[in-house]
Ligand SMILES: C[S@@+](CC[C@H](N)C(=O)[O-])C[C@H]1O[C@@H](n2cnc3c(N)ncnc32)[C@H](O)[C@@H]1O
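Below, in structure tokens: the form predicted on its own, a single chain.
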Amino acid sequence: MKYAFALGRHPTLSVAELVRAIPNITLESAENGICVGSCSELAPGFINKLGGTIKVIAIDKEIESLGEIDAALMRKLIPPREGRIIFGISIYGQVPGVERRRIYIEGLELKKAIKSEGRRARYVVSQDTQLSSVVIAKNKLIEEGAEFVIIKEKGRILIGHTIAIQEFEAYGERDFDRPGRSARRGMLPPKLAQMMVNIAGGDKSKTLLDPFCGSGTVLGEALLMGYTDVVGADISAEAVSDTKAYLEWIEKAHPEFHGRWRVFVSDARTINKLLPPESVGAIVAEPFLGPPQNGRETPEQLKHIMNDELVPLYRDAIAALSKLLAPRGAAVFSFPVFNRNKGPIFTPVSLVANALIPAPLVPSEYQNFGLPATSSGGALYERPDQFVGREIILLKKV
């Protein structure tokens, strides 16, 4: 089947996640915040395992011109339903304003046509060209009608309907309502943790390790995604306690959860003494990113933090972790990027990787999509108001 995936704010990470979370997918394009590809049929709930995808859209047909989009075509595409019909329209790509207005009017005509059948109808509109997940959820478009999605790409026009949206409230609960949340230690967003776990691409029956577990976000997301054995460690006893509290909270909130977890206090630089060699299928971690910053640090101060404090930590930790990783295993790290507005200071990946080999997040066959990447083949995850950005890096063991 052909699908389109509405991507989040970091399209490189979103696409890197898709190609590993859906092994049989063949991608065709990634532009204007939409990635199109073909794969086996996806269950609607599959989106809950994709941190970087906002909507999953089933493509109904490819059309020659925007002029083909009218009320009659959209009426045919609404799934059979009882009772009232609620619908909306989202447009992705460079569509002229005159065509957007015409399509809006066709939506009004569709509403009239449905009412002429003796049924109730509601047309949901937004000031933006795309309806948000919140609007779709609150108005029950998927359950009681349809969100029509028009995708204008170079050389083709696709029309489809949304079959699933990201469960934004569930992510919010795991981010803000969880136990053990600590702004002081840093907070890895659940969506990013989920993307990193997917990018690692490990066998879910093998052990996943987070040697800098903090408050347990990576471990919790891995368990919710179907990993059966996760191991966490942190040099801080307080962090380990918070992780245990969080995973116990996850267990209570998700009785369907069947995974096994272990958490203990350990320095990542010596953790190889506590676990068997090559016993870990995947490593996913955000190590210590350095002391909190206020934006007034000089480049010299930041270089000192990076080169004299963090690089030795990362280098020694990865040396130990590489002994635990199974052959052909993968490790995904979130490394800091300093002083981004005045000339970024990146983590020197080649100096810390040791026996592991940096690999591009987006496979070579999709490099022509033009997705932004760092010099190490990774991707930035950042917000304008942050002093410290994140570079997501994939390392592999050959």
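In this text, all values refer to a predicted model and were calculated from it rather than measured experimentally. Heads up: residue numbers just count along the shown sequence, starting at 1.
Another form exists, predicted in complex with the named molecule; not displayed. Remarks below refer to it.
Contact annotation for the candidate site: 213, 239 and 288 all lie close to the named molecule in the model of the complex (heavy atom within 4.5 Å). At the 4.5 Å threshold, heavy atoms of residue 234 reach the named molecule in the model of the complex. Of the heavy atoms in residue 209, none are within 4.5 Å of the named molecule in the model of the complex. In the model of the complex, the named molecule sits beyond 4.5 Å of every heavy atom of residue 162. At least one heavy atom of residue 268 is located within 4.5 Å of the named molecule in the model of the complex. The candidate stretches are 279 to 287, 116 to 124, 97 to 105, 138 to 146, and the one lying within 4.5 Å of the named molecule in the model of the complex by heavy atoms is 279 to 287.
Scanning 245, 313, 305, 253 against the named molecule in the model of the complex with a 4.5 Å heavy atom cut-off leaves one residue, 313.
Proximity to the named molecule in the model of the complex, defined as a heavy atom within 4.5 Å, holds among 195, 188, 321, 230 only for 188.
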